[in-house]
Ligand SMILES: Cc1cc2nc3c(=O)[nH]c(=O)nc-3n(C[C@H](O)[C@H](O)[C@H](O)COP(=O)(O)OP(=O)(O)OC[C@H]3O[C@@H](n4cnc5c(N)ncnc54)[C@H](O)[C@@H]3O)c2cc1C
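Below you'll find only one chain, the form predicted alone, shown as structure tokens.
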């Protein structure tokens, strides 16, 4: 309790809230309270909160947009830092700019980690830059997107990590900030190194190409949004995809239609689409989405996830891996 008081004094007594309900800050609208809650409004805020928690050995977790997150019914007994450190700007241009502004080949874009991915996507398209247009309407923040290597069409290589040049990370083991390059992250499908190290993204720089047709860029982005809205549940309390897609090798072994790797197909083929447990349900629109139908608990979600995993293992000898991250004691 004494350390909690110190943290409040350092971060600001009027800015640190006790027993703040966390369901308000996640897409699932599920979860208990944070013992301490602080909203970082810029990169320096975020860095100070991380340094303070590390120095005083207080457990902490960083929440971005609240997508891909399930908070325990018991909440989190430590400091929850809501990352609202936002900002995007051009920091470098390659090419020769003539009098009418043409000649740019590529550009470097800096962004704070609490910036919404949707905001980053819009900014880059407004600048006539291509490479991150798939971020339009994707939930969550840049920091979380880097952590999970956000993507849209995997087969086309549309991964956030592909465009990352460098990032500043906070290392809670040393309490220090370090600057790393793209290679450091070991990016893969739904994976980056920081999922294991626990390092937190403070800011990042991306390299994007100049688009020969900015209008077509926006049209492509809007077509992607339309497609997602048709294929995925919209306007419901849901954390996004529950499971990662299966491997190509597993798709070949199971001889799925057109060798699809869709976890949604697997769950639907198990006859689980629409299955309910108390306040949660497997979406009838897309089986890889679990939705909160009202008054759901984290324990309800866990039961449904367990049911899906057990049936996939028993029926197909598949070990489905969750895409969501757990916050709190499970």
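Being a predicted model, the structure only gives us computed values, none of them experimental. Residue numbers count along the first chain shown, from 1.
Note that the form predicted together with the named molecule isn't included here; everything after this is about it.
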Task: Residue stretch of 67-75, 210-218, 173-181, 118-126 approaching the named molecule in the predicted bound form, non-hydrogen atom distance within 4.5 Å - done: 67-75
- [ ] Find out whether any non-hydrogen atom of residue 289 is located within 4.5 angstroms of the named molecule in the predicted bound form, and reply yes or no.
- [x] yes
Open item on the list: Whether residue 109 contacts the named molecule in the predicted bound form should be assessed with a 4.5 Å heavy atom distance threshold; does it?
Closed with: no
Task: Contact flag, residue 232 vs the named molecule in the predicted bound form, heavy atom cut 4.5 Å - done: yes
Open item on the list: Using a 4.5 angstroms cut-off on non-hydrogen atoms, would residue 187 count as touching the named molecule in the predicted bound form?
Closed with: no
Task: Candidate spot 30, 279 and 330, all three touching the named molecule in the predicted bound form (heavy atom, 4.5 Å) - done: no
Task: Selected contact from 62, 267, 40, 36, since only one has a non-hydrogen atom within 4.5 angstroms of the named molecule in the predicted bound form - done: 62
Open item on the list: Only one of 246, 164, 132, 138 gets a heavy atom within 4.5 Å of the named molecule in the predicted bound form. Which one?
Closed with: 138
TODO: Check each residue of 309-330 against the named molecule in the predicted bound form and list those with a heavy atom within 4.5 Å, in sequence order.
DONE: 323, 325
